[in-house]
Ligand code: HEC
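A lone chain, given as structure tokens: the form predicted alone.
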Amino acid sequence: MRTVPVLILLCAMHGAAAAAEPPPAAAACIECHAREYQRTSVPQLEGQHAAYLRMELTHFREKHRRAFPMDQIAQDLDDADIEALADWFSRQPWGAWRFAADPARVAEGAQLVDRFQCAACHGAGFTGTEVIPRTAGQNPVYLARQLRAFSRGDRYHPPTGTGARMFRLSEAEVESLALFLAQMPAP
């Protein structure tokens, strides 16, 4: 009689282990985006919100967002691939980026996020929600690159009712904001 519960438990464990395996479409993603590689200019995807990942992959596929090589890679993804990738990456643990930051620049970044009211959308811990990305602990080089793109108008940042501005940022503001967000602890 004890055999049946043990078999059920083993089957459940096998299913959980299989769910932990990345989907086939993730092979190209992991090569650049896995946290363990700490690439210099790409975002960490592990632990990011599924809805945000789904939205951005769709934007890349539909050419609403361009960034080499993502727009090229995403054009071959179908809806099922995008769903599987968003689901798998969102289930992975988020970990803070490892780097040393100038405390004065981090303090300046803290003042800027208050002034720009970034937490109104990204949350007090900058963990984001649904389609708003988690930025706490994200790659600082990637964050700075995206802030520059928002500032130049190369990448769209939704307007907010908080008065947050993402255009005409100085290089010092970009660097300080990126360092502040990146050094925040993983939730």
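Worth saying up front: this structure is predicted, and the values here are computed from it rather than measured. All residue numbers refer to positions in the sequence shown, first residue = 1.
Keep in mind the form predicted together with ligand HEC is missing from the figure; the text below concerns it.
Contact check for residue 56: a heavy atom falls within 4.5 Å of ligand HEC in the predicted complex. At a distance threshold of 4.5 angstroms between non-hydrogen atoms, residue 179 is out of contact with ligand HEC in the predicted complex. At the 4.5 Å threshold, heavy atoms of residue 61 stay clear of ligand HEC in the predicted complex, well away from it. In the predicted complex, ligand HEC lies within 4.5 Å of some heavy atom of residue 32.
Residues 116, 117, 118, 121, 122 are the ones in 110 to 129 with at least one heavy atom within 4.5 Å of ligand HEC in the predicted complex, listed in sequence order.
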